[in-house]
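First, one chain by itself: the form predicted alone, in C-alpha cells.
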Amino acid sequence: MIIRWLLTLFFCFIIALNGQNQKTNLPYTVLISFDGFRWDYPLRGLTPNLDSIKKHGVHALSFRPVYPSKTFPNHYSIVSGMYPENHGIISNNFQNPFDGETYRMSNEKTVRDAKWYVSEAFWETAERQGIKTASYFWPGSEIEEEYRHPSYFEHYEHARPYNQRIDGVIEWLKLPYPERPHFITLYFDAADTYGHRYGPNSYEVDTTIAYLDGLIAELRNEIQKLEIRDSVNVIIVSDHGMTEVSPDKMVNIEKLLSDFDCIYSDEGPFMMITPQKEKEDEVYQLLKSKAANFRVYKRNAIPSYFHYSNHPFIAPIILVADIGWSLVTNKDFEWMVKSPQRGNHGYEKDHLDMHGIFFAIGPNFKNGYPTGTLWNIDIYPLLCRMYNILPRQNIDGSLERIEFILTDE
C-alpha cells in the first residue's frame, strides 16, 4: 500500500513538472493587424521587410475575410474563430431590434460592453488556461469584465503614434517572466484610412505601404535586442482588402423605398433593411424588381456561403452590392457626393479585392514556405495549437486547414 502511494506521488510530481515545463517553454507571439492592407500590396516592390519574412517564414497568397468584409466583424473573427453570425459583431454598426440599442465601433461605451460579444476571444481562452496576454488595440480587447479582457490592454486611441505602440509591445516583452505576456496584439489603421480617402491605387497608399513595412523592421529590430528573441513569433495579417469606388456608382435605396417606413442599417457595400413586419414581402419584391448593381436576399434565404443568417440582429432583408458599387440612403447620398470616398470594403468575402495578407515568422513557423489562401477564422485554432491549450468546441475555424504551416517540432 505504501509503495503504491509513493508511486502515485511520484507520477503526480512528474505530471506537474511536465506541465510546469510546458508553461515555461511557451512561445511569444505578436499578432499584428494592418487594417485594409490588400493581398497584392506586397507585390508593388515597396515592402523589403515583408519580402524578408516571405523568404524566411510563411507567406499566404491571400487571407480570406468573413462577410461582411468590414473591420470589427473580421478582427473579432480572427481572434474568436467564428463567423459574425455566431460571434455577434455582425457589422461595424448595427442595432439590437429588440431594445433599439445600437452598437457603434466609434462609441466607447458599446465597444466595451460585453453583452455584444457572445463568443470567446483567444486571449480569454489563453488567460483561462494560465497564459498571460496583452493587446495594444484590437476590437473586443476593451471589454469591461475583468475576466474577458487581456491582462494588459490599451483603450483605443486613433491618434496614438505608431512608434509608441511598438514601444509599448517591447516594454511588455521586457517584463519579468511571471508578469510577461506570451500573446500580444498590435493594430495599425493607416492602409485602411488612406485607402478610403485616396483609393487603393493611389500614390498616398503606396507611401503608406512603404511606411508600414518600415514599422515591421522597427519592431523586429527591437525584438532582436531581447533575450527571448529566439522564442518570439510575429504574425502579420489584415482584416480585409480595398477596392476602388466612385460617386458615379451609387444606388439610393431609400429613394427606391420612399413609399415605405424602413430602418436602414449600414451603407456602401451592403445594407440591412427592416420594414414594417406586414410590408416585408412587398418591400422585398420591389427591391427584387429594381435590383441593378446589387442583389437582395431575405435573411433566411441568403446563400449559406455568406454565413450570415443565424444571428437575431441581422435584419430581415439584406442587400449585397456589386463590387465597386455603393448602397446609400438620402443622407448618405448627399454626404458621399460632397466628400466622396475613393476606396471601400465590405463586399463579398470571396472577391479577391477583399482579401488581405498573411505573413508569419518565428520558431513555430516553417521557413520559406509559400501557401495558398488562408481563412481568417482558422487563426484561433492555430494559436491554440501553438500554445497547446484547449480551444472552444463551437468554433467555425478548422485547424486542419492551417496547421501545415507550423513546424513539426
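None of the values given here were measured: they were computed from a predicted structure. Residues carry their position along the shown sequence, with the first being 1.
The form predicted together with a small molecule is left out here; the points below concern that form.
- Heavy atoms within 4.5 Å of the small molecule in the model of the complex belong, among the stretches 219-227, 181-189, 246-254, 272-280, to residues of 181-189.
- Only one of Val328, Cys262, Val320, Met105 comes within 4.5 Å of the small molecule in the model of the complex through a heavy atom, and that residue is Met105.
- With the partner omitted here, the residue from Asn92, Asn293, Asn201, Ser151 that has a non-hydrogen atom within 4.5 angstroms of the small molecule in the model of the complex is Asn92.
- Contact annotation for Asp35: at least one heavy atom lies within 4.5 Å of the small molecule in the model of the complex.
- Looking at His345, you'd find a heavy atom of it within 4.5 angstroms of the small molecule in the model of the complex.
- Although the partner is absent here, Pro84 is not a contact residue: none of its heavy atoms lies within 4.5 angstroms of the small molecule in the model of the complex.
- Within this chain, Glu142 lines the site of the small molecule in the model of the complex, having a heavy atom no more than 4.5 Å away.
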